[in-house]
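We begin with a single chain expressed as structure tokens, specifically the form predicted on its own.
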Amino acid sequence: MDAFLVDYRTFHNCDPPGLLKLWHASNLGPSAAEGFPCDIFELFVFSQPFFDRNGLIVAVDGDRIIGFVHAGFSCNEQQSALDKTQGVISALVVHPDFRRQGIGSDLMRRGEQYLTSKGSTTVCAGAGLDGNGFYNGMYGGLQASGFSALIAPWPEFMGKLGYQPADTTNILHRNLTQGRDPVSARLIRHRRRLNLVITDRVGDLPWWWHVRFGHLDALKFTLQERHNDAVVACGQILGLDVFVAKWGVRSVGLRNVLVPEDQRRHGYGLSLVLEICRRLREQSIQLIEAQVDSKNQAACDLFAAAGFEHVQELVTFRKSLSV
């Protein structure tokens, strides 16, 4: 490769085509959507109400964008606003031709400097489940919960920058065109006794949900007792249309599967997931994805029982910042 000189600067309004070209050329793995136009970047990144051009730092070789880091923030406990003490590295991309030249490390340091200037005391690289305000629906599948462990030695890279391993998110898929749903006497009783209610009113959800997922097609599924409409389980699905070009199938993401505490250990969660799978299959959906914290064994067991397979992991790393 010819010699090059790297400059670093913040985002310019003319950058989206260069960022799009970099994204498609960077081999970001199975959880990165591909084949989409610039308006997807606008929808999932630049139009976010908390987007700050100073947090998106690009590396350029002449007029060519060869890398970028995107630093932002997670939300407060109520999910009603940003918490700027919790810094997030939402994305880090370097073109394959320019890797192992120190560009990624330089971008990370500049991202950390931005976060420190805004009052962050910690930074989570990869954000984890429900921590990332950007790229949801275009990276990670259902949501951008970390960096794909399949494509880069992230522990080695992050360790050199002072980060410690944090959370791991399991990516689970079920191919709805293959296999059969499990059957048991309890599941049969549930189908006779319970109703599935489907609505596009996804519920009284917080600001953090709406800014990240409000532009996606969403449905809420509620499993209720027939005799009194008591809710025994609920969940929601989100459309993953941006991934059709990459995966070659119609797919959705399943999230927020909840069972009231007094209704647990009766198999209602499994009944709900299987009913959702059945209804989606009828609508010619071919793939369904769920994301689960690797430490949440109950959720891992639930999806395994419903026929989901572990396909990869998204990893995150944490670091304290000096203020």
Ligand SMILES: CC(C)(COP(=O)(O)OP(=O)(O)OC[C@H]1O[C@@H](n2cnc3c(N)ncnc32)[C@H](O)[C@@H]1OP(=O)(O)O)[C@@H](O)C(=O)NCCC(=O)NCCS
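We number the residues from 1 along the sequence you see. These numbers come from a predicted model, not from an experiment.
Form predicted in complex with this ligand: not shown, discussed below.
Proximity of W154 to this ligand in the predicted complex: non-hydrogen atoms within 4.5 Å are present. In the predicted complex, C75 stays away from this ligand, with no heavy atom inside 4.5 Å. For the chain shown alone, L28 is a contact residue for this ligand in the predicted complex, at least one non-hydrogen atom being within 4.5 angstroms. Mapping the unseen interface onto this chain, G214 falls outside it, with no heavy atom inside 4.5 Å of this ligand in the predicted complex.
Considering this ligand in the predicted complex, the lone stretch of 179 to 187, 115 to 123, 202 to 210, 95 to 103 in range is 95 to 103 [heavy atom distance within 4.5 Å].
Scanning A91, V252, L223, L172 against this ligand in the predicted complex with a 4.5 Å heavy atom cut-off leaves one residue, A91.
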